[in-house]
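Take a look at this one chain, the form predicted on its own, written out in structure tokens.
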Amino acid sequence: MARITLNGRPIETADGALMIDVAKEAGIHIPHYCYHPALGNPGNCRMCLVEVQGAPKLQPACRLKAVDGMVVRTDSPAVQAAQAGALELHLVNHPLDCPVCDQSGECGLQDYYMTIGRYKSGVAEDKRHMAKRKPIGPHVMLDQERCLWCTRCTRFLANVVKTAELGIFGRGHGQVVDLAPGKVLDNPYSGNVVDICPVGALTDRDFRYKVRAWYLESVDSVCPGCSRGCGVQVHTSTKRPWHNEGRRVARLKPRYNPEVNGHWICDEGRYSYKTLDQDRLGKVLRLRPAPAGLSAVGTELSWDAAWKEIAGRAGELMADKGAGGLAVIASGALSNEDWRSFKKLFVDSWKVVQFLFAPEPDQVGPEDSLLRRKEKVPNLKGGEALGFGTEFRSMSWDALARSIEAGRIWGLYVVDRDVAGVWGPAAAGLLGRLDFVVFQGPFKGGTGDLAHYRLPSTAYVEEEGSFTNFEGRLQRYAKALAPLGAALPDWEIFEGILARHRAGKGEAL
């Protein structure tokens, strides 16, 4: 350990720790642009200069290592003058377009100018002009005039993703950040360059001009896009929905979690929020299943009426034909709370033995060595912990189809899976053979019109709960939005049916 003095305070820290990190842990923010804990410390922005007793000149805190006995000041007149001078150099060519810049309200230049700047500029020359509003990939827009050449983006692409689409070209006053020849910024993690850009040089094409940062509310959550379960922040814009084309979620940002995703998330998870208000279910319906290509005709029910009907119909069929003829298609999108109620209803009470649990083929996709996992659902481990896929029989899609065709299955309860997406045109014929089909989920999909009952459940941003990722790590997520329509959490739907089933049998609730 090293014992140092920081701004007059005695501090004990690890020997060799970077002074910028030591100060942060002590609650002291040292201005910086180029330094990022996951991307190294090139020391090229010169904003993090500090004064070290006995040193002939100021030192960059991002490269200064703590040594026992060191005395450091981050707020001396010399430090303040140096930081203000460095900031003025960064502003020499930076355009004054804050009113139309998407970064406004969360910009490092704005924040530092208000704290260590606020001086009259000594620069008389005109600002140089470069490329503005330049699309460099499907998700990212480049404004070269705003760039500070901190090199965060180029280091991320070269060292983390190892695709190197961006580079710094030219030297000195003439250098620019730009696409490498023949490249397009379209790797699976491209959106992270927007997060790490300290100014508005790299902005998100999907978010541009949708909503101002000061209208956003943030809630910590977990990405349900794959079995890794990356930490995210859900930014909602319910106060100004018209700024965001009616979307309730404005964007997702990575939430630092050193044990799971570090500082990053993939584009697949980042932009998944765009579907949260599309194809949603909001009414509890009893349906007359429709012929292929037509919409089902439905009668809207209260939750209590639906629970009574479903529990009663299932009970009649199980008494007449046996519980072995009921199959349940489960989803790894269920939370741990959902799984517990799922098991209470289908295993403990209804004695179902036919489950389809595996994520293939509709809940799998591309994976890589950085973050993305093959299983595109967040909580397979939660189901496995209760025996699904191991203790309880798990069918395949082909085996289930054959059983339906052979008349061995009389009913199907589908939870957040699209049967029509797997079976294609054959789905309508297969489900049409059954006496009892319930579809439960947030999204209608192709299966929504093929069931006898359609039950709307909440999306993850409309509930609170927990997921267990592929490593067995339990993570909680919080509610960010009110549910759409009559949607309820899956566990509440299962519990409602279970209560009516027990009441029908005269059991204690």
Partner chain sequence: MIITRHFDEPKLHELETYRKLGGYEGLSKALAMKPAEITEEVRKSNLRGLGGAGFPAAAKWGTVPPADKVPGPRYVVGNCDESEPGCFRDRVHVERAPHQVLEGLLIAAYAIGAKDAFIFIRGEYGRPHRALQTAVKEARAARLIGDDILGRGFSCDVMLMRGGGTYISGLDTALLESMEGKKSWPRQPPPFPTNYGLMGFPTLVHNVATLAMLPHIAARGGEWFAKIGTPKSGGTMIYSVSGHVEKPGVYEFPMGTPLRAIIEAAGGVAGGRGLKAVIPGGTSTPPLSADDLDLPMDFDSVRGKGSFLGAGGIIVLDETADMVEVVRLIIEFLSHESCGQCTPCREGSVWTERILERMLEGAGRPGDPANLERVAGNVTGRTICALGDTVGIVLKAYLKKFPEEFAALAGRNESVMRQEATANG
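Fair warning: this is a prediction, and the values are worked out from it, not measured in the lab. Positions refer to the first chain, counted from 1.
Just so you know, the form predicted together with the partner chain exists too; it's not on screen, but the next bit is about it.
- Using a 4.5 Å cut-off to the partner chain in the predicted complex, each of P42, R46 and A81 places a heavy atom inside that distance.
- Residues with any non-hydrogen atom within 4.5 angstroms of the partner chain in the predicted complex fall in just one of 147-155, 312-320, 404-412, 133-141: 147-155.
- Residue contact with the partner chain in the predicted complex: P60 places a heavy atom within 4.5 Å of it.
- None of the heavy atoms of M114 is located within 4.5 Å of the partner chain in the predicted complex.
- When contacts are judged by a 4.5 Å heavy atom cut-off, K344 does not count as touching the partner chain in the predicted complex.
- In the predicted complex, the partner chain lies within 4.5 Å of some heavy atom of E88.
- Of the listed positions (P361, P425, G170, P181), a single one reaches within 4.5 angstroms of the partner chain by any non-hydrogen atom in the predicted complex, namely G170.
- The contact with the partner chain in the predicted complex, taken as any heavy atom within 4.5 Å, belongs to D126 out of D126, E391, E259, D279.
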